[in-house]
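The data below hold one chain only, encoded as C-alpha cells and taken in the form predicted alone.
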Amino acid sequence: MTLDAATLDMLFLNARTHAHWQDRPVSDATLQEAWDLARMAPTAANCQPLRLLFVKSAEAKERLKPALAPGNVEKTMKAPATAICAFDLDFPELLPRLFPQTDAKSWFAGKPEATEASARQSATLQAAYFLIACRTQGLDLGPMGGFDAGKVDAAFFPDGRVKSFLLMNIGYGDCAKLHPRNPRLEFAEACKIL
C-alpha cells in the first residue's frame, strides 16, 4: 500500500516550517491524537524516552520566554502551543514493561553516557514521528533550536531527570507569510548505494 498524492502533499511535499500563526487554538484532544499516533512508531528496545511538555498558557509562555533566542521569541509567543521535546534519563526503569522480552534495563545500569545517548537518539526519532503525526491532524509546525536548554530545564524540569533538546511551535500556520521553499539536496548529493 502506498499513500495517495494528497497525503504525501500534507506530510511532505507541501508541508512547511511555519513562523507565523493564525489566531486559532490547538485543542488538547488534537495534541493527544497526534501523540497516540506517534507513540506507535519504533524506538530502540521500545524505550520511548520522549517527554513532551505543551506550553499553551500565558504563564507558561512567560516562563519559556527567557530561554529563547531573540529571533524565536515572537513566533513562539504567538504560537498556540509550543512542545518542549525532552528525553527522560530514567527511561530504563520502564523497560521491564515496555520491552519484556529480555532484561533490557540491565543494558544501561551504571552507564550514564550510554543511557543519555540512547535516550537522545530515540527521543529525536520520536520528535520527528510526532511532527508527522501532528501534520496528519491538520496542524502546522515550526521545530527549532535557538534556545537555552539549561534555562528550559531549570524552569520546567528542575529535578534533572528530563533534558530538553528541541522546541516545536504548533498551530495553524499563516500560509500568506511563507517565503518560497528553499532548495533540497538531490539523491546523488546526499545518498550512496553500495
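The model shown is predicted, which means the values in this text are computed figures rather than measured ones. Quick note: we count residues from 1 along the sequence shown, nothing fancier.
There is another form of this protein, the form predicted in complex with a small molecule, and it is not shown here; the text below is about that form.
Enquirer: Considering non-hydrogen atoms and a 4.5 Å limit, does the small molecule approach H20 in the predicted bound form?
Expert: H20 lies outside the contact set for the small molecule.
Enquirer: Using 4.5 Å between non-hydrogen atoms, is M144 touching the small molecule in the predicted bound form?
Expert: Within the cut-off, so yes.
Enquirer: Taking the shortest heavy atom distance, is L64 within 4.5 Å of the small molecule in the predicted bound form?
Expert: Although the small molecule is absent here, L64 would stay clear of it in the predicted bound form, with no heavy atoms inside 4.5 Å.
Enquirer: Contact with the small molecule in the predicted bound form for K177, defined as at least one heavy atom pair within 4.5 Å: yes or no?
Expert: Output for K177 is no: heavy atoms all beyond 4.5 Å of the small molecule.
Enquirer: Pick from R120, K111, K105, K75: which residue has any heavy atom within 4.5 angstroms of the small molecule in the predicted bound form?
Expert: Spelling it out, the residue with a heavy atom inside the cut-off is K75.
Enquirer: Just to be sure I understand the contacts: of L166, A133, V26, V162, which is the one whose heavy atoms reach within 4.5 angstroms of the small molecule in the predicted bound form?
Expert: After the contact test, the surviving option is L166.
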